[in-house]
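Below sits a lone chain in structure tokens, taken as the form predicted alone.
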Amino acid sequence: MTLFFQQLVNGIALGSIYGLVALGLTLVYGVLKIPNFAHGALYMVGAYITFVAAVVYGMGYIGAIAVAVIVLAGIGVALERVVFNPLRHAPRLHSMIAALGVLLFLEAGAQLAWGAEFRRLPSPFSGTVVLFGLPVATQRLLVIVAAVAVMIGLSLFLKRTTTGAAIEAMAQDRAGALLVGIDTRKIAMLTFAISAALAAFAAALVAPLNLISPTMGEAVNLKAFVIIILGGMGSIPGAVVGGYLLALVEVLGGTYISSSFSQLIAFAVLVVVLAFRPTGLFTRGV
């Protein structure tokens, strides 16, 4: 029972990270119809920015998270303006190729700047807390609480603010949103900023638990695409549910079946879902 509880917590923590990353990816796809293959690289850059701010400049963990989120939001805006906006009228394949180019550029840049060796960010929350009579790592608990808070905050922002309504309107019909006076240029930039900031926040939360490397975003990128397919392309509730579902299947399957087949089990779930519900678990829509 102790093992099950610990692995359940691990699965929820991992699902929180998957959910944050997938939220950013599905937000860009839902609003701009761009499959941003560079999203995993933004996650990786967010981890490095957190590491540099905390370790090199001694800003403290919370301050480093804030710096990473702000810097990545700026990078997201720059990518939308410089890379994706000029391609908005081009065939979708062009945007996909451009995203792959950004992915390779960021990975090469990270390796040039910080080297290929693995790095670890020391956690200021290295202890454990007792939950239901069982020990839980404080950092994992922080991941869960912080991620859920951000997910709820994003949902409230989209549903209860004018800007959120504009994002939803643009997701439904970009031309119609432009006709009713919505500044689609600003909404596109904001969408990329939020997406990159979510990736940075997820990376900053998990950096004390996982090793940091230039290629760390590749696996997360693949998982994020699996998640948004599971949940329904462009569906924010689907991204959250899909993230937790995939993580729990991976962790519990790896524990009770075989760690060697944990990845296979996750993709088997994807195949089953697509076989019986090709559109995913939720209908599309921000």
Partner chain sequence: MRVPTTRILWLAALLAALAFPFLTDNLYFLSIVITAFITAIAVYGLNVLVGETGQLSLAHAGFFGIGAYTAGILAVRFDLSFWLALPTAVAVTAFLGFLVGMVALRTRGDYFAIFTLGVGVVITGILDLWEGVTGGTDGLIGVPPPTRIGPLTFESLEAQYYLYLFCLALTILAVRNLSRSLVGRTLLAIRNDEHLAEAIGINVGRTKRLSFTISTSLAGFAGALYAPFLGYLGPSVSGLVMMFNMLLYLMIGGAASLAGPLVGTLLLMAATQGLLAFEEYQLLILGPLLVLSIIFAPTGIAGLVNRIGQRLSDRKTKPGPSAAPSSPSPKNRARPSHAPPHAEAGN
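Numbering follows the first chain given and starts at 1. This is a predicted model, so every value here is computed, not measured. Rigid core here is just the name for the largest C-alpha set that superposes within 1.5 Å across the two forms.
Not pictured, yet referred to below: the form predicted together with the partner chain.
**Student:** Have a look at 106-114, 159-167, 68-76, 185-193 and name the one stretch with heavy atoms inside 4.5 Å of the partner chain in the predicted complex.
**Tutor:** Going through the listed ranges, the match is 106-114.
**Student:** Closest heavy atom of Leu100 to the partner chain in the predicted complex, within 4.5 Å or not?
**Tutor:** Yes, contact at 4.5 Å.
**Student:** If we define contact as a non-hydrogen atom of the residue within 4.5 angstroms of the partner, is Ile265 a contact of the partner chain in the predicted complex?
**Tutor:** Heavy-atom contact with the partner chain at 4.5 Å: absent for Ile265.
**Student:** Taking any heavy atom pair closer than or equal to 4.5 Å as contact, tell me whether Leu222 reaches the partner chain in the predicted complex.
**Tutor:** Although the partner chain is absent here, Leu222 would touch it in the predicted complex, with heavy atoms inside 4.5 Å.
**Student:** Are any of the heavy atoms in Leu270 no more than 4.5 Å from a heavy atom of the partner chain in the predicted complex?
**Tutor:** Within the cut-off, so yes.
**Student:** Report the residue, out of Val129, Met96, Val145, Leu178, that has at least one non-hydrogen atom within 4.5 angstroms of the partner chain in the predicted complex.
**Tutor:** The residue in contact is Met96.
**Student:** Taking heavy atoms and a 4.5 Å limit, what residues of 29-45 are near the partner chain in the predicted complex?
**Tutor:** In sequence order, Tyr29, Lys33, Pro35, Phe37 come within 4.5 Å of the partner.
**Student:** Has the Cα of Val9 moved 2 Å or more between the shown form and the other one, judged after a core fit?
**Tutor:** No; that C-alpha moves by less than 2 Å between the shown form and the other one.
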